[in-house]
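Take a look at this single chain, the form predicted alone, given in structure tokens.
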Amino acid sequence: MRTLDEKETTQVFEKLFKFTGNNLKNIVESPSHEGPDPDPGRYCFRLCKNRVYYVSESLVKRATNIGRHNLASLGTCIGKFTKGGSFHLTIQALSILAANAKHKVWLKPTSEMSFLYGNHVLKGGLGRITENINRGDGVVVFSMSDIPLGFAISQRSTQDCRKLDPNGLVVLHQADIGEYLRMEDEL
């Protein structure tokens, strides 16, 4: 387990910024109350076996007693680097993204299952959408009862969605909580 180098940190922060905007500072500066220390530490990003973990500094200090080959996971896995060198967020990052999301989309109950099976969101399945979303922005997808379902990339701006027919694509699927069942061996 090691710290991210400058290139890796830039890739991770760019991807997180796409979904959180200026709320990224809340993720980076969030105090950690884990561990026996009375003084709250901070969370940090660590790389282990091409996976990026969001973990408290006190937990990292205690994990130094464990050998690298014995350490399977530490903290929350938020993404992974591909063999080509690009960074992809994984579904485990949903709790962090949902708490700090800049743009949100709410689905009607009839289209929730479709999204959870890995399909894109159509205009007919859209319940609500936040203002000022542009094409290509990262959005967090919620149910109408504010349960985070996944995250996606917007295909249309908020203004374009109002004029769109019900069968037009609004959001392109990236990850959803159904992946815990569909891909349990890979997670």
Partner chain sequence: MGKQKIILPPDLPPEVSEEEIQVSDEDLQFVNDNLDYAGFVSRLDTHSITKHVTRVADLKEDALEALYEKRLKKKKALQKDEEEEEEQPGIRVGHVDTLPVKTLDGQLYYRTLLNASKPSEGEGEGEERTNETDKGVVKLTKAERRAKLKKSKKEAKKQTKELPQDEVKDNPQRAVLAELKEDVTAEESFETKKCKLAELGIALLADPESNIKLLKEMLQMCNDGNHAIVKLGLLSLLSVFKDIIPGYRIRLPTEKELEMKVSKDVKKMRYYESTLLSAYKAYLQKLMVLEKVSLYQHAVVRCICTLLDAVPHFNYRESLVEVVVRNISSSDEVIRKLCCDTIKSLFTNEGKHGGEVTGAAVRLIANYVKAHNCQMHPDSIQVLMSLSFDEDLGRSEAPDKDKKVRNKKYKKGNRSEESSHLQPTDRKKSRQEMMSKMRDEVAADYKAASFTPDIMERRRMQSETLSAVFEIYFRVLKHTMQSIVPRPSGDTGTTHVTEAHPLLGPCLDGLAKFSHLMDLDYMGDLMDYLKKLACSGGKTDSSGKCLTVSERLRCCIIAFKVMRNNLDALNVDLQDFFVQLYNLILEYRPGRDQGEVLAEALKMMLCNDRQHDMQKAAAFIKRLATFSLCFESAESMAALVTLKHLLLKNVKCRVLLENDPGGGSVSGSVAKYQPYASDPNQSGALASVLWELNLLTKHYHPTISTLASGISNMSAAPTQAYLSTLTPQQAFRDLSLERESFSLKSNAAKSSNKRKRGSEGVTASSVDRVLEKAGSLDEDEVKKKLSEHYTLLRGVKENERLRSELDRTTRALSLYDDYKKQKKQKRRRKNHVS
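What you see is a predicted model, and the numbers here were worked out from it, not measured in a lab. Positions refer to the first chain, counted from 1.
There is another form of the same protein, the form predicted together with the partner chain; it is not shown, and what comes next is about it.
Contact check in the predicted complex: Glu8, Gln92 and His120 versus the partner chain, with a cutoff of 4.5 Å between any heavy atoms. Do all three pass? No, none of Glu8, Gln92 and His120 comes within 4.5 Å of the partner chain in the predicted complex.
Have a look at Arg162, Lys49, Arg135, His69 for me and say which one sits with a heavy atom within 4.5 Å of the partner chain in the predicted complex. It is Arg162.
Phe81 versus the partner chain, in the predicted complex: is there a non-hydrogen atom within 4.5 Å? The answer is no: Phe81 has no heavy atom within 4.5 Å of the partner chain.
Could you tell me if Trp106 has a non-hydrogen atom within 4.5 Å of the partner chain in the predicted complex? Trp106: yes, in contact with the partner chain in the predicted complex.
Considering only heavy atoms, tell me if Gly127 and the partner chain come within 4.5 Å of each other in the predicted complex. Answer yes; at least one heavy atom of Gly127 falls within 4.5 Å of the partner chain in the predicted complex.
Proximity of Asp146 to the partner chain in the predicted complex, heavy atoms at 4.5 Å: Looking in the predicted complex, residue contacts with the partner chain include Asp146, since a heavy atom lies within 4.5 Å.
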